[in-house]
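This document opens with one chain alone, in structure tokens, the form predicted alone.
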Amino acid sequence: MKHPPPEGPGHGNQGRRHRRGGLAAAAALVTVSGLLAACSANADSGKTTLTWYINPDTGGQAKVAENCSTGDYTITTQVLPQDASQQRIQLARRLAAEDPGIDIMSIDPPYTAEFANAGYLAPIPQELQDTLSKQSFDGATQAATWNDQLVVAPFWSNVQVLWYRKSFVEKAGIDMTQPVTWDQIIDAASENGGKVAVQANKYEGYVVWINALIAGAGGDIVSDTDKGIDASIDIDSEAGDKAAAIIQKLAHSSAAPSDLSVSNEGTAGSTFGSPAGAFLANWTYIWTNYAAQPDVMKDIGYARYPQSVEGEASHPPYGGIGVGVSAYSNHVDQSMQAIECITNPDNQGVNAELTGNMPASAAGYDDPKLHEIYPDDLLTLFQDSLNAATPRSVTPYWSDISGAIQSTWHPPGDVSSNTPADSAKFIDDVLHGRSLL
């Protein structure tokens, strides 16, 4: 995937004005209390306090912050909203206002290029870039790169696999040691009273599914992203048609959960844990999600993400978190030292143990506690899936592209053969200011 410069060729500053204008407008909503939210030093000890804005989890990042606090600085955490889009908005507002109260931040991959392009991220020293590149999975490095520079430090790399109920596939007579397709699991669930659980609410998680379906059919949502708003919009393609056909088939089958149009990671997990549970496309944390349901836990199997086209390798969804340093921090050098510690393989393993969000490096998988929690073949599946995963397009305009897709592909019950073409036109109109989200 190509990584565009801050300004697409032939556009002068048009791309930068488009992005910075929207974020600067959002900055007007920042309050004085927000600007003063974080103290730069502990008055009692004289130690610097570094404030790390984290995505919600079950304590992994707080533990890593504790591990990486030193005699010179203490790392404290502030929790961002649950929804990734709201995380982006909150950080963008603060950064557009040049708020020094943010030192370190956990950033969802699709927004990395946007923040880097806007000048919000402090440059990572080349020596640290080299260390991070050597230790990280290729997909993690790709998602953390903008304009040929690593702009955030890969912390954890998530990937989706196909979870299934062993009792159901035995009843349905499916050999899960062989690759399966979306068509096959939808048919099996429909014919045997089961449900296929996915994420199809009007949010980023739905676009993650659409992107994986298109990638699995050999296509892209957009390409040539170095051209900025004039990137090639490829969703209206044979691959886009296949993705639409899969969504349409599930939505109109008896395998569709009743809450399909509002389903997210949590509700999909609940469907899978119910008596109707059959198949679930979801992230790595699912393995530890059913500790209170031992009958479900012992019935869980796992396999590679389903193929969009029979015989063509799937490209599972890639997710994760990169850790960046604010360009407006008063403590950039110390924050860089902190993110080196935060993202070292040992702390990636600590975070994975506590949250179920897997490391961004192979060395992180060496943590002995992970091998106590997860079967070795499942850890191997996670890593193999990461190597095959396809991140969402690295572009400063991903938020606009994603919003346009959500508007045209939702609800899933309305998806038809016309949807890819309709969405391609709307994406183009949004990027060029002819339509508003």
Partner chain sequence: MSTATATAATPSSPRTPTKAAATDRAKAENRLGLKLVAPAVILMLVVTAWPMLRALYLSTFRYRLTTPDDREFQGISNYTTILTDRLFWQDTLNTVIIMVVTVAVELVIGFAFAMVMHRIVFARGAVRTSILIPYGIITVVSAFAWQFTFSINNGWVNSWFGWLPWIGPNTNWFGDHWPAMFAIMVSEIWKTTPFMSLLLLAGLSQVSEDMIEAAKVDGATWWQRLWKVILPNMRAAIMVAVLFRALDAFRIFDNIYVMTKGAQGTESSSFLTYRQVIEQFQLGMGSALSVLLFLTVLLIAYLITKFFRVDLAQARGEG
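Model, not experiment: these values are computed from the prediction. Numbering follows the first chain given and starts at 1.
Quick note: we don't show the form predicted together with the partner chain, though the next part is all about it.
Item to check | Interface segment, criterion being heavy atoms within 4.5 Å of the partner chain in the predicted bound form, picked from 179-187, 258-266, 242-250, 345-353 | outcome: Among the candidates, contact is made by 258-266.
Checklist entry - Heavy atoms within 4.5 Å of the partner chain in the predicted bound form: does Lys202 have any? => result Contact with the partner chain, yes.
Checklist entry - With the cut-off set at 4.5 Å between non-hydrogen atoms, does Trp163 touch the partner chain in the predicted bound form? => result No, no contact at 4.5 Å.
Next on the checklist: Can you tell me if Asp108 lies within 4.5 angstroms of the partner chain in the predicted bound form, counting non-hydrogen atoms only?
Outcome noted: Residue-level check for Asp108: no, no contact with the partner chain.
Next on the checklist: At 4.5 Å between heavy atoms, is Ser361 in contact with the partner chain in the predicted bound form?
Outcome noted: Outside the cut-off, so no.
Next on the checklist: Just to confirm, with a 4.5 Å cut-off on non-hydrogen atoms, which of Ser385, Ser399, Ser393, Thr51 contacts the partner chain in the predicted bound form?
Outcome noted: Selected residue: Ser399.
Item to check | Sole residue of Val222, Ala215, Ala96, Val323 within 4.5 Å of the partner chain in the predicted bound form, by heavy atom | outcome: Only one option qualifies, and that one is Ala96.
Checklist entry - For 60-97: residues with a non-hydrogen atom within 4.5 angstroms of the partner chain in the predicted bound form? => result The stretch 60-97, when checked against the partner chain in the predicted bound form, contributes Asp83, Gln86, Arg88, Ile89, Ala92, Arg93, Ala96 at the 4.5 Å heavy-atom cut-off.
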